[in-house]
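In structure tokens, the next block holds one chain alone, the form predicted on its own.
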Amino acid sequence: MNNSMANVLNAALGWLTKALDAPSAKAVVFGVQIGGHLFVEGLLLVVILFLLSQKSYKPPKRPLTRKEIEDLCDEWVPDSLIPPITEEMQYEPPVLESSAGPHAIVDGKEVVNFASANYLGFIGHEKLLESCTSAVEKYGVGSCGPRGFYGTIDVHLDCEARIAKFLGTPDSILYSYGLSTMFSAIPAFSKKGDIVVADEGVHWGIQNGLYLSRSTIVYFKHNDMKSLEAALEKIVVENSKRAKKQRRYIVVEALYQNSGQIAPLDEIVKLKEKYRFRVLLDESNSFGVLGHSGRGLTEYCKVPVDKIDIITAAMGHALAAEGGFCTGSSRVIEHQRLSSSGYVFSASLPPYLARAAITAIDILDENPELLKKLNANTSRLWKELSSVPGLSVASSQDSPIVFLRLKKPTGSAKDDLKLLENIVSRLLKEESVITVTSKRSTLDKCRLPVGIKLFISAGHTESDLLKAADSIRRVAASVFAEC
């Protein structure tokens, strides 16, 4: 039977071949002989093109009735503008009812405050209040314009000059908001096609600046110089042909607010010079804090400030003001005045805040004992907290940000954070000590483990430090015992 079927198919193919090869199946068009095969293939092509040109949906011949329209509208469910609210998002932070000094009022009771980065204790300082009052009387509250459009006031120029003089740099530039300094300065210098090597623990302001620059971003392990060198070496080898047209940067924090660790700037500068990169250093938490006179990480590591290409800092920490600044060479500063979005398009810093920053630097210059008191408080609390059950100190010993992490993580970042928030909540309710966890928003892509942060101030007394240490030991032991 199989043989008979094969014979029939062969016979049919033979007849079809003869039909297509017959003279009647051939034609001559413009002198070109077209066989039956070409005719059939051309016909199929026309059919395919016709089908492709037809609409996939034909509207109904009659218009929809009002009821049909209403039914379609009732069935349509628009996408939510925001993600669903989870339990983690339903968090209300404590509300201060006083200034955020070493002691504050929360819910009507006095607490010892370790949640504010008031490193030098300048919040509520008499001289700062007097300078702000006189500035408000002279200039008013705001500037009502960007720096390039009648927003520049003489006190802005005085503040820029004072910062540059204090740090020993040629020039500096003021920004209206601390975070905008970082995510405006980075895109002003780094563009698409450039390469930025950044520490994986940098804060969100730097992360956003890296994103806005559209540069190629390479992260190295937190404060790991071997990881940094490996990243630099790989980039140099893979991009040797583009070296002349490509700008390359190393971006680090002097004092990481996500870990409390201090960057080894001397080693970073050596790698920078070896592989020919530029360095952008954020001194937001180290300005006014590190070094024997508070000039930051360059003084702390004994590195000449001109070795660093760009230095940025927020003024809302040690100086107890607001805004930020970038300092460096005159060319670096002048470039930002026309190309940095946060400077060009934002209303300039309120004059009284610029005056407060100048006064704060003057006080620091005249009172070096403030740094000695801060360092003594840092060493004392670091030592006291080194024996807390279930927690370990992850920060550097000279860091005024004491960072506590779980000795035995649960394996889930959410569970770790929930456990730490329980400790922080009980510290406030039972011990009247306010601290914070390193809780991050959905925008923050920091890869470091979560922990509890205590910001030490020169205004804290020895009894404040002992109370905090005893309270944390007591509450942590209780929480871990319940687990």
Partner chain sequence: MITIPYLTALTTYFSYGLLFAFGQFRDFFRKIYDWWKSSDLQGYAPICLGLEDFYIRRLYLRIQDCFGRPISSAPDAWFDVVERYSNDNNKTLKRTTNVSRCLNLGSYNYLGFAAADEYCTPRVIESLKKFSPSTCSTRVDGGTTSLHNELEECVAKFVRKPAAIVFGMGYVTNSAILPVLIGKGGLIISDSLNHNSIVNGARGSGATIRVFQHNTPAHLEKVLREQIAEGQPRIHRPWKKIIVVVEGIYSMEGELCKLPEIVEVCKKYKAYVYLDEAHSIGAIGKSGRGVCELLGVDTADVDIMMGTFTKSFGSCGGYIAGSKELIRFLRYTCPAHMYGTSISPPAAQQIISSLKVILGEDGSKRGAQKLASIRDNSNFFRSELQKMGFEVLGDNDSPIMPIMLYNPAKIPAFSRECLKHNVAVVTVAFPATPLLLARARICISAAHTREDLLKALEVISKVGDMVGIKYMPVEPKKLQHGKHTKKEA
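Nothing here was measured: the structure is a model prediction, and the numbers come from that model. Residue numbers count along the first chain shown, from 1. What we label the rigid core is the largest C-alpha set whose atoms superpose within 1.5 Å from one form to the other.
From this point on, the text means the form predicted together with the partner chain, which you will not see here.
Only one segment in the set 119-127, 218-226, 288-296, 360-368 has any non-hydrogen atom within 4.5 angstroms of the partner chain in the predicted bound form, and it is 119-127. With the partner omitted here, the residue from P304, G140, G193, P170 that has a non-hydrogen atom within 4.5 angstroms of the partner chain in the predicted bound form is G140. Put simply, of W382, F403, Y300, Y249 only one has a heavy atom within 4.5 Å of the partner chain in the predicted bound form, and it is Y249. Contact check for E233, A394 and K418: none of the three has a heavy atom within 4.5 Å of the partner chain in the predicted bound form. Within this chain, P389 is remote from the site of the partner chain in the predicted bound form, having no heavy atom within 4.5 Å. The shortest heavy atom separation between A321 and the partner chain in the predicted bound form is within 4.5 Å. A residue is said to contact a partner when one of its heavy atoms sits within 4.5 Å of a partner heavy atom; S99 meets this definition for the partner chain in the predicted bound form. Shown alone here, V111 lies farther than 4.5 Å from the partner chain in the predicted bound form, counting heavy atoms only. For the partner-free chain shown, Q90, Y91, E92, P93, P94, V95, L96, E97, S98, S99, A100 of 90-104 come within 4.5 angstroms of the partner chain in the predicted bound form, judged by any non-hydrogen atom. A displacement of 2 angstroms or greater separates the C-alpha positions of P78 between the shown form and the other one, with the rigid core held in common. In this overlay on the rigid core, E68 has a C-alpha that sits 2 Å or more away from its partner position between the shown form and the other one.
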